[in-house]
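Given as structure tokens, the chain that follows is alone and in the form predicted on its own.
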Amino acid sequence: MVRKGFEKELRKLEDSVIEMAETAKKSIDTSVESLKKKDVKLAKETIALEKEMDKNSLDIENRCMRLTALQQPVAKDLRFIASMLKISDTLERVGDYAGKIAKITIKTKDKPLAKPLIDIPKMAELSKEMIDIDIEAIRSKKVEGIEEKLTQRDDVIDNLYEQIYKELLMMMFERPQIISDATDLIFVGRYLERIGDLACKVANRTIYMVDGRRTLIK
């Protein structure tokens, strides 16, 4: 494969990873909307997206291995391929967490929510914003300020999760009959908190891809 063809494959690889990131955002949105509306159809759509992301992650892995074996890339090209592999794997985990939220929707479809969803949708929106920041950095190859942008949002997500946890724990003490339903919402908050952490991992890998710098956002 001549250099021009190799560069074309690298661009296609990047496009596939960005497409996965967009799918990850959609899965977050549909999972939380499914819970909010008790919409089993949306929940099943989320689970379908999770399976799609599993397949896409495997495809990206195979392409990365093929490019590495055939081209024996070095320096920046090798960092790029390795980063695309790691980022796709991280995004696949976002889909897994969204799928877990969707399964809670299906499990609780005939039950009212233990409390109105106020903070959980906020966490979902912030996590999607974080993935948008990741996408822009991957596309532009510019990472200046990304650490501050993601840390600010991740701190808010962490605080919202802590607030949800404490509030639901108090409700369980006062109304033991809602323990199961309240626990489900705690899990939802935890999954979204973990998605925020995964968005930070994507940024860490993007920074390494761009300038070879090892960072630990979070």
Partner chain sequence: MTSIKIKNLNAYYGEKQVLKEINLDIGEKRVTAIIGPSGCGKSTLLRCINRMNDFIDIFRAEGEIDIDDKDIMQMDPVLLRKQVGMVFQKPNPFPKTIFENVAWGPKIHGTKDKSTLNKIVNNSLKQAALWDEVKGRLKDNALGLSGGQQQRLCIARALAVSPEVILLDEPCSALDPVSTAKIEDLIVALKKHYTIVIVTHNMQQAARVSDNTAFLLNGDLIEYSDTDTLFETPKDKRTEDYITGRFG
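Residue numbers count along the first chain shown, from 1. Keep in mind that what you see is a predicted model, and the values were worked out from it rather than measured.
The discussion below concerns the form predicted in complex with the partner chain, not included here.
K76 within 4.5 Å of the partner chain in the model of the complex, heavy atoms: K76: yes, in contact with the partner chain in the model of the complex.
Contact flag, S140 vs the partner chain in the model of the complex, heavy atom cut 4.5 Å: No, no contact at 4.5 Å.
Residue contact check: G212 to the partner chain in the model of the complex, 4.5 Å heavy atom: Yes, G212 lies within 4.5 Å of the partner chain in the model of the complex.
Proximity of L10 to the partner chain in the model of the complex, heavy atoms at 4.5 Å: Because a heavy atom of L10 falls inside 4.5 Å of the partner chain in the model of the complex, the answer is yes.
Heavy atom of each of K26, Y97 and N159 within 4.5 Å of the partner chain in the model of the complex: No, none of the three is in contact.
Partner-proximal stretch of 124-132, 102-110, 76-84, 140-148 relative to the partner chain in the model of the complex, 4.5 angstroms, heavy atom: Heavy-atom contact with the partner occurs in 76-84.
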